[in-house]
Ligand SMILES: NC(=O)c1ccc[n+]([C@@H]2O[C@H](COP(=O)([O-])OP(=O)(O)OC[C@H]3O[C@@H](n4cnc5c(N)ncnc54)[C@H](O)[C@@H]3O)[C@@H](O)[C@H]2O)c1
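Next up: a single chain in structure tokens, the form predicted on its own.
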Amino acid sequence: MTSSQRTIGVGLISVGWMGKLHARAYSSVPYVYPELGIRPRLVMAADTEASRVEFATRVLGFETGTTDYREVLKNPEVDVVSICAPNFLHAEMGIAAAKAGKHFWIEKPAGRGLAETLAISAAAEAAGVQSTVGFNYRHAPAVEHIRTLVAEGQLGRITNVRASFLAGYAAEPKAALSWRFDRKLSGTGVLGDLFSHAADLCRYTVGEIRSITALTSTMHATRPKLAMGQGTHFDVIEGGELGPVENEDYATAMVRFSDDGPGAEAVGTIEASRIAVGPECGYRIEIYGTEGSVKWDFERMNELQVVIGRHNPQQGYTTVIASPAHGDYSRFQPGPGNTMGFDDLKTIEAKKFLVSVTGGNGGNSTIKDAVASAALVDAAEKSAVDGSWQHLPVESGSMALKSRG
């Protein structure tokens, strides 16, 4: 260990799929970014299920575990904490982490609505702690390249944007009625789950959104009940007792961007579904400008469709393969065509978080970005009631674009 090496104690709350990804991401940082001199130390993991706690210590490498997350926050050797629990616990845990003086990395949606998200943000600001929110799709090298093209003005003036996050994880009507369909536990449905990601991509690549009108629908009004803590929404239950689905399956919106930056006065659409048959992770963004356009699809994460130049004799899109010239690609692969995956995006997210914790400019999404996303979701919900246009105060999140053109 060099004299400049800094060890950061890590705590984890909830050892599910995402918690495991966070643990792996922390462990990967010294190998992927050795020059940072940051060495995460997996100190303590918490989960209400004892078998998961045992997995965290035996397999993931945490030094100790507990079934009470408060013990993680009390541990003086924990500097940062990852909050990967279900939505209804995020506000309680995020506020508690801030009050305990722990920097936190929290999955989205940070709160079940705007009020809870604002409360987490206020606690973080009062405590002076750093935060990161799991808007992982913005870290894809192709998306980083889109952001650069837009900011440098290579697409000209942005005219319109299309973002659609279509998935089929709830397409099966007999899929279990998990906490995700319970408004008290989850808050919104696809608005908080996928629409928020699409909105964040729009903000990250183009700029802030100033007004929105939306509609929502719930196609599967009932689902078979599932005991809390048993199984997931992927479980198919035949002949079970039915319960009501309390939040939306589908949402779509028209938006207007702010009058500042390269996306000034642009318009767009944002669409999200959890019941689409066909797309599994059909998460897409298209950006059109007066001099060109780009298209990206997460199912082909390492490719980007680009056309630049209205008078280009080679009309049509060029497929650009992600390469060491784009984002953090070179940290994972030596040359074009060697693909990256979802887990790599979480490693980039961990790096950005830890850089911010150690006093650097990590370029990470923060709880302020979660507030901006929650404000859009809140406005979309209000609009869906009566079809009105909702206007948002345009306050920049942590990564507002400034034109370089």
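From 1 onward, residues are counted along the sequence shown. For clarity, every value in this text was computed on a predicted model and none was experimentally measured.
Beyond what is shown, the protein has a form predicted together with the named molecule; the following relates to that form.
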The named molecule contact at residue 272 in the model of the complex, heavy atom, 4.5 Å: no
Proximity of residue 90 to the named molecule in the model of the complex, heavy atoms at 4.5 Å: yes
Using the partner position in the model of the complex, report whether residue 368 sits within 4.5 Å of the named molecule, counting heavy atoms only. no
Residue-level question: is residue 54 within 4.5 Å of the named molecule in the model of the complex, judged on heavy atoms? no
Which of 212 to 220, 108 to 116, 253 to 261, 122 to 130 has heavy atoms within 4.5 Å of the named molecule in the model of the complex? 108 to 116
Residues 181, 247 and 372 all lining the named molecule in the model of the complex, heavy atom within 4.5 Å: no
Would you kindly say which of 268, 289, 134, 327 lies with a heavy atom within 4.5 Å of the named molecule in the model of the complex? 134
Which residue, 177, 151, 85, 276, has a heavy atom that falls within 4.5 Å of the named molecule in the model of the complex? 85
Neighbours of the named molecule in the model of the complex among 35 to 59 [non-hydrogen atom within 4.5 angstroms]: 46, 47, 48, 49, 52
